[in-house]
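As structure tokens, one chain now follows by itself in the form predicted alone.
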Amino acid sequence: MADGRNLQRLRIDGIEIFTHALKAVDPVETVKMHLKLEGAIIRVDGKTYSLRDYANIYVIGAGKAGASMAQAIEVILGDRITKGVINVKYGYLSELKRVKLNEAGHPIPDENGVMATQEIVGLLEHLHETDLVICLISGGGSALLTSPAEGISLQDKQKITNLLLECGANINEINAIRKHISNLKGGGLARLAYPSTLIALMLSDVIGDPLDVIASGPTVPDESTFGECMAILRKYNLLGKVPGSIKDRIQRGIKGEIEETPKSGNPIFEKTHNVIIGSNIIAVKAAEQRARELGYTPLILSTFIEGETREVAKVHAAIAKEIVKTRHPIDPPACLISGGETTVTIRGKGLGGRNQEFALASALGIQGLRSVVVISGGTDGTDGPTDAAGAIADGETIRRSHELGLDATAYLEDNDSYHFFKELGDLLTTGPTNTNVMDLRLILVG
């Protein structure tokens, strides 16, 4: 690669690398890789299931990738599927023949989500030992699988979800509380499906791929407790803000007046098989491969990146500066790659998401560097409550913004990264990708 490769070339290559990573976590292909039909035998990651043992096969699930995952199941099992119901985010659809898709709200659950989940509950309530359930779980499943516990209203769940998102709580903390105010999360779905056989295929959108956190773990034992939920509320000073019904339920749970979520060793999990079929590391390694093919020296920083978005951006920008100035830790042309999921503590009134905010904070960090491009995007195609997956920034972004009369620091303080990048024409827009394995960040140094 010639020295001083221009920004336009870096931008084109960055989009190519990002797109290649998305293809590597295509739900249709990942399902086909992990679930195979051989005659009357289903093979799932080393386990076999004879179709002769089951009177019915049901397909259920929730998540942004649900439609694509169901598409693959229909290709594999066809008319062997008795019935199917899956909840997906609005617009995340595919053409299906045997499985019904219900659209609902995400990240804030809505009435459609409650009604759609009740349809799944109605199906599960009448299962027998001779039934096989294939559950398809992906990112967004927690909000889309909405069945509030007794005494908790949808409005209560919406308020606590908003509070947790705004205060900067991470996904593990958010899901711990979700599990303890829900009928299906935290192993509740497995409890309802018992004594049928349950196969859960999961597309992970959680750092480290903990089974009990993906979509709030509806099919796995839950190790979080009511006590931990109270500690989370105290940590973020939410005790005086949460709905009384939620605080009361957590307090009653601590006293033992309400049954805990099912833990390891509970017999309801004996006939449950949980399998992760896709995760952030797969997308990151695919990005690494494509970057190398395009002539860059790739370096995977981590797939465990979390923390305040703008602080994480400062560290990434610092590494890019180091490569430009000292050629450490790798020689240019270089491609730094990281995954995971950061958080944004909302202080302003603007519009954006963690990936757009990362790009804006990075732009401030790399301003003046003529050969650096930053791309940050959600693999699901959405970033916060916006129609963008993320944004693209480079060493000229701040200069260009000054020419348009934009104050980048003011936009950052107002959490208004969306309108900043919209003015520049640098939003990363993919539309619904029907997959979800957290975020992907790329920094290309020419």
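Given the structure is predicted, the values throughout are model-derived calculations rather than measurements. The first residue of the sequence shown is number 1, and the count goes up from there.
Another form exists, predicted in complex with another copy of the chain; not displayed. Remarks below refer to it.
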> Looking at E288, E260, E166, E74, which has any heavy atom no more than 4.5 Å from another copy of the chain in the model of the complex?
Replying inline: E288
> Among L198, V312, I246, L124, which has any heavy atom within 4.5 Å of another copy of the chain in the model of the complex?
Replying inline: V312
> Looking in the model of the complex, any heavy atom of I305 within 4.5 Å of another copy of the chain?
Replying inline: yes
>> Considering non-hydrogen atoms and a 4.5 Å limit, does another copy of the chain approach K321 in the model of the complex?
In response: yes
>> Taking another copy of the chain as it sits in the model of the complex, is L301 in contact with it (heavy atom to heavy atom, 4.5 Å or less)?
In response: yes
>> Using a 4.5 angstroms cut-off on non-hydrogen atoms, would H328 count as touching another copy of the chain in the model of the complex?
In response: yes
> Quick one: which of 74-82, 134-142, 247-255, 207-215 gets within 4.5 Å of another copy of the chain in the model of the complex, going by heavy atoms?
Replying inline: 207-215
